[in-house]
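This document starts with one chain, in the form predicted on its own, laid out as structure tokens.
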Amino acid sequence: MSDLFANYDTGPFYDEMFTDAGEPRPHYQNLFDRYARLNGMGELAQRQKTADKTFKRRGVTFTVYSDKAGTEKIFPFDLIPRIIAADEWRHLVRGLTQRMIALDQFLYDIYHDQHIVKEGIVPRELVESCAHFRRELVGVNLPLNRHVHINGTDLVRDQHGTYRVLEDNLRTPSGVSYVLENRQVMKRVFPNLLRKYGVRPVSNYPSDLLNLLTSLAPDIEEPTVVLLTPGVYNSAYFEHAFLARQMGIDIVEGNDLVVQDDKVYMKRTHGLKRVHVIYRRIDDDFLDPTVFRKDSLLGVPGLFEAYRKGNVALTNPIGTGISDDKAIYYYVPDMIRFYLQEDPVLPNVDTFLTSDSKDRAYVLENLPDLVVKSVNEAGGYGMLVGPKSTREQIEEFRAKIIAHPRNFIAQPTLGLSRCPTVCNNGKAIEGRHLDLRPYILYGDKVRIMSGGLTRVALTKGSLVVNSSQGGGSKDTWVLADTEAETPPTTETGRERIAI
């Protein structure tokens, strides 16, 4: 037997596979034994090549706009999966469900009576200054009375092994197509391994998503559902096409739709066809040039009025992006206590608001030790990792914070958990930092895909896992539960809190 992990160093971090003593954790033991039967790193490298070729052949790509060597990239995939034990997953499901319900209630409240603002839990100026707060939606009732349908919540594990929420992604959370493709490739490279391991499937996600979308048109027996994409030059176009194909729905661009008499129609060679539900992968700003950005060529003129009158459903609803604001994220634990009268199951990462004078003073004094993030950026852009930054970069951010304190938050630099990863072109296995993005659907009740996208920072020592910043991914295995599961409190029969 070969010992691929003989020289593996867990370092001063929580390691997903090994304990401090260098022994595999119980839920990794079978994988450890299976990889020990490989013919050394040579066989692992060969299987890695097979995986890479499979991704290339299947066209699994993403786009990096700023890369001069070419914008279209194959998403890097690592052959050592991240495994989540059944009891850990139960804990995550409870926490994610609680958070999703609270976010939905927050969005409903903000666009109706604003109890949470009147009670002083969330500052009014923070809400009204949010770039994604849509005054046009105030008082509008939505299908199922639901203000968020899909969320991709980013989780990290700190040095103690505690899962913490890093951020929520409610506007157009991406990456789920890679979860599905990763699983297919893993089955090809290691046939039978997943079945013997008792890994929960992920393949039901497209049907769950389609059921959610069709439920948004409750009075129509066979609603027409389409996926609205910005087009082939969007960084996530592969995913748009993939999901549309998996669900068996049309993928359309703005020019393919037209609004007549406040109803949306799809242009077809034999005439117009009414559209009832739009899974939009376009930000609010670009949806309707008659209401939002006048220069947008991506959207559909008149779409907002059709939406406001209930003639078409959009997911996620317009205005959900307010919860993506990283300053609003700071208050999610307070939302859970306010709306649900429960303590948060999953804590946030400790966060400082630079809009608060006391927090700002601390942040400016400790910039070299902190991670600073722009409140409305994503993909690892607009970010300062203090310990990895030059003096010039730190001073640049200091000036930005002083000029626009509302636009930033700061967090301590966490020692994110690591997992063994194939490095150096298949010549070594080393620890790399990672995060986890589970996908949460909220229709008649909350449904969470078993697992999610594990992103891994392939650059040694890097804490930035985003694909646009050189990150890759791993297959995420959630092990089947041998105990009878107690369904989480996800039924939406619960009435919104009367305050």
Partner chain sequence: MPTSPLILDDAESAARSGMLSRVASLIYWTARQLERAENTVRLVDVNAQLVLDLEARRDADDPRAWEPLVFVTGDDEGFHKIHGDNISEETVVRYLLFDRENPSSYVSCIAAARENARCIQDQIASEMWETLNTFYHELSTHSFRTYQKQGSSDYLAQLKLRIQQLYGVAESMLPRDEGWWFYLLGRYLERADNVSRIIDIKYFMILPDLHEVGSALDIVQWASVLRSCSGFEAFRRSKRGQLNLERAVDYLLYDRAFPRSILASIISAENCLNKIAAAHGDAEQNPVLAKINQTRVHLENSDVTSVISNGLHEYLDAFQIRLGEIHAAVQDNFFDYDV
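The structure displayed is predicted, hence computed values, not measured ones. Residue numbers count along the first chain shown, from 1.
A second form of this protein, the form predicted in complex with its partner chain, is not displayed here; the remarks below concern that form.
Checking 88, 250, 154, 359 against its partner chain in the predicted bound form, a heavy atom within 4.5 Å turns up for just one residue: 250. Though its partner chain is absent from this view, in the predicted bound form it lies within 4.5 Å of a heavy atom of just one residue from 310, 198, 301, 347, which is 310. Screening 91 to 99, 118 to 126, 216 to 224, 365 to 373 for residues having heavy atoms within 4.5 Å of its partner chain in the predicted bound form returns a single hit, 216 to 224.
In the predicted bound form, at least one heavy atom of residue 256 sits within 4.5 Å of its partner chain.
Under a 4.5 angstroms non-hydrogen atom cutoff, its partner chain in the predicted bound form lacks residue 37 among its neighbouring residues.
The closest non-hydrogen atom of residue 386 lies beyond 4.5 Å of its partner chain in the predicted bound form. When contacts are judged by a 4.5 Å heavy atom cut-off, residue 237 counts as touching its partner chain in the predicted bound form. In this stretch, 107 to 139, the one residue having a heavy atom within 4.5 Å of its partner chain in the predicted bound form is 108; the partner itself is omitted from this view.
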